[in-house]
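Heads up, the chain below is alone and in the form predicted alone; it's given as structure tokens.
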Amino acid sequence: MTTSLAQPGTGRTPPTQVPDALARASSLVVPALDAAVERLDPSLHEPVRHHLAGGGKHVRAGLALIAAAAVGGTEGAAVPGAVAVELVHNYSLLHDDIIDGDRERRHRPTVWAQFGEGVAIVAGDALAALAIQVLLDAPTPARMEAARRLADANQAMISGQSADMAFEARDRVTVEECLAMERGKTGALLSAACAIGAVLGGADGAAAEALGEYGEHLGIAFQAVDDLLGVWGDPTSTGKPVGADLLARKKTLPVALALGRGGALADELVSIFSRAPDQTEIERTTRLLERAGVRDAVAAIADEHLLQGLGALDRVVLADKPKEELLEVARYVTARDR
């Protein structure tokens, strides 16, 4: 099986139609998510609903439901897992917005900007706790295994976020360190979503592990594309200036690759990260990175992980239609312009 990754700016149009599987997942998960939020302290209802009203494609929830169907189970059996994964994802967004100082998300004020940092922190903590409660409402062996996997993914995600923050104080970061950070920060929860769906769908260990591996590689490919957009994304699509990640002095995959090669380009990056560069300097650096082949190298890493993820699906027997939906979601989330 072969596929190709859409690289921002290369002429291939990213898909604009949300896959039917994700739209179907949203219709199943959103009501259950809303019901779960009702269990929070009433003082948190408004800020949490404000955050969730921003929408989202519910990719993680969709992967959980599709994975359950792929191993012969029902999507309904995986709804609690899908809700739990979405709760963890959204708690991380509430906290990330504070860490990054982002005042807007999806063209709406972030919770900390609207209600204050303290409220956003507590709301995030509440969603994280609620995720485990949702799974353990019925403490069956499958639900308990799902909770264990979600807790492990949460720890890995926190480790990835911690590493990302630690990179800010360093002059140089290796490609290996950057990929390890992205495996935790992005790959862990996508992996857990797939594995949890499989477990709740009645899968054996081999199927759950294969689907988890698919999710992990998909997460790394997704993050690599995000890193590309952070440097070369079209401002009219991303809503951010060219080289936004460079302007923010983030040590993402393109930066790690350039630093690893050494020479004048690496020195240029170290120089601009040591001060506050202007937009003209940033745009010049993005051109230098592209001429040096960094953009193509990052796209190749994304392609490699996408193919590894799709290959993991071929190691086990999966139902045909859900497997095709997993392929469709993979193409969708790695071929985007924002």
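In this text the structure is predicted, and so the values were computed from the model without any measurement. Numbering starts at 1 and follows the sequence shown.
From this point on, the text means the form predicted in complex with a further copy of the same chain, which you will not see here.
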(message) Counting any heavy atom within 4.5 Å as contact, can you tell me which stretch out of 242-250, 255-263, 162-170, 200-208 lines a further copy of the same chain in the predicted complex?
(response) 162-170
(message) I'd like to check something about Ile282: if you look in the predicted complex, is any of its heavy atoms closer than or equal to 4.5 Å to a heavy atom of a further copy of the same chain?
(response) no
(message) Residue-level question: is Asp152 within 4.5 Å of a further copy of the same chain in the predicted complex, judged on heavy atoms?
(response) yes
(request) Give a yes or no for Arg143: in the predicted complex, does one of its heavy atoms lie within 4.5 Å of a heavy atom belonging to a further copy of the same chain? (result) yes
(message) Using a 4.5 angstroms cut-off on non-hydrogen atoms, would Gly118 count as touching a further copy of the same chain in the predicted complex?
(response) yes
(message) Please identify the residue among Gln133, Ser237, Gln114, Thr74 with any heavy atom within 4.5 Å of a further copy of the same chain in the predicted complex.
(response) Gln133
(message) Can you confirm whether Tyr91, Val122 and Ala147, the three residues that make up this candidate site, all sit within 4.5 Å of a further copy of the same chain in the predicted complex, judged by heavy atoms?
(response) yes
(message) Residue by residue through 40-61, which ones have a non-hydrogen atom no more than 4.5 angstroms from a further copy of the same chain in the predicted complex?
(response) Leu40, Asp41, Ser43, Leu44
(message) If the C-alpha spacing of Pro139 and Glu145 moves by 3 Å or more in the predicted complex, is that a move closer or farther apart?
(response) farther
